[in-house]
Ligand code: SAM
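Shown here is one chain on its own, the form predicted alone, set out as structure tokens.
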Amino acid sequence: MADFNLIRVLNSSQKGCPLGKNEIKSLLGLSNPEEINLLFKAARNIRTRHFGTRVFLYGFLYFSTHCRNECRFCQYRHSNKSLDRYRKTKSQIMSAAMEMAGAGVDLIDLTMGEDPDFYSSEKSGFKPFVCMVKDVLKKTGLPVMISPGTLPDKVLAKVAGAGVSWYACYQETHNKVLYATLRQGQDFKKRIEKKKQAKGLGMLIEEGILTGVGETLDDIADSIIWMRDFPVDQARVMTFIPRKGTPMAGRKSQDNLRELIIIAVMRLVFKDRLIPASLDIDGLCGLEARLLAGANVVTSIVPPGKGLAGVARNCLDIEDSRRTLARILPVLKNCGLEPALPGEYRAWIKKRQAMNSGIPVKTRVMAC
């Protein structure tokens, strides 16, 4: 935009003023390295104001890589026969969860595809899942996030009643045409409604978008605005990684700069909320850049020796112990950050849940 003034916009945002769509889009489109660094610095300043130097750490447990869906971007799509899959037993899940809890993570992220073993019989198929979630909650004593797809209403109510703190159900984009291309055969509105239901049940919501899948700056800006207005409690962006066995395997990879810029813009928009730096795209080597862009959560911490996989890159940095706290802590220190103290994360959750209890699903942002 001809009248876009970067310094004015960054200063205004750091004072607490909301960004309009045109400002968000202009920030997303920055290409000058000096201007991008100014954006990152502003994002870090806002993070420091709301979170100090504390960073939250998430243990990741992908307990079933079976899925009934045909997402064009995902290596775990049902028709991909080139992939070795697994379905962890309850004892294996508990062993990994207890190891992560013992290492000092703040949350256990329980993730699966829409496994046909659960979804084929919705009345009884989810009993083992609900039982497993309850045991992880009880035995680790940690908050739990679930990312199991579009759970039936009654099952979602059961896990909420059991004390699950978070529900993650990503759209990947809020452009309905692009969504239909990426998540073929899956209803856009249904995923939105599941998030609304989970929020109404008292759970916090993580929403996520993909970059590098054919989206425009308008699409990204619209997604950020949608997440702001919902409102989500944790906003995630990940760069698409082309994978063998998918229709998008031949798509050219995008570098991580756009992801970093989106993280920084999200921090300007979601000042007091959580924004992850995932280890699943670039591994340990990409962590510092994401933290310097304004992220305040490290996700996809995976213990070695458990046969667990990642999402975008199923084996990156796992078995060579590069997704462990021992390897992550020096990176935090190098960024002037430190892991949250015991209890700080749970206190943040309680505060956020209390705020949400008085907020309708659709909110308006006050003008500055």
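A quick note: this is a predicted structure, and the numbers were derived from the prediction, not measured. We number the residues from 1 along the sequence you see.
There is another form of the same protein, the form predicted in complex with the ligand; it is not shown, and what comes next is about it.
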Next on the checklist: With the partner left out here, check for me: in the model of the complex, does some heavy atom of I262 sit within 4.5 Å of the ligand?
Outcome noted: no
Item to check | Contact flag, L210 vs the ligand in the model of the complex, heavy atom cut 4.5 Å | outcome: yes
Next on the checklist: How about R191 - does it come within 4.5 Å of the ligand in the model of the complex, if we only consider non-hydrogen atoms?
Outcome noted: yes
Checklist entry - S147: heavy atom within 4.5 Å of the ligand in the model of the complex? => result yes
Checklist outcome for this item: Assert contact residue (the ligand, in the model of the complex, non-hydrogen atom within 4.5 Å, options N296, T239, T140, S165) equals T239
Item to check | Candidate from L291, V159, C74, V269 lying within 4.5 Å of the ligand in the model of the complex - any heavy atom | outcome: C74
Checklist entry - R183, I281 and V311: each with a heavy atom within 4.5 Å of the ligand in the model of the complex? => result yes
Item to check | Residue stretch of 192-200, 151-159, 105-113, 125-133 approaching the ligand in the model of the complex, non-hydrogen atom distance within 4.5 Å | outcome: 105-113
Checklist entry - So which residues in 156-172, when you check the ligand in the model of the complex, have a heavy atom no farther than 4.5 Å from it? => result Y170, E172
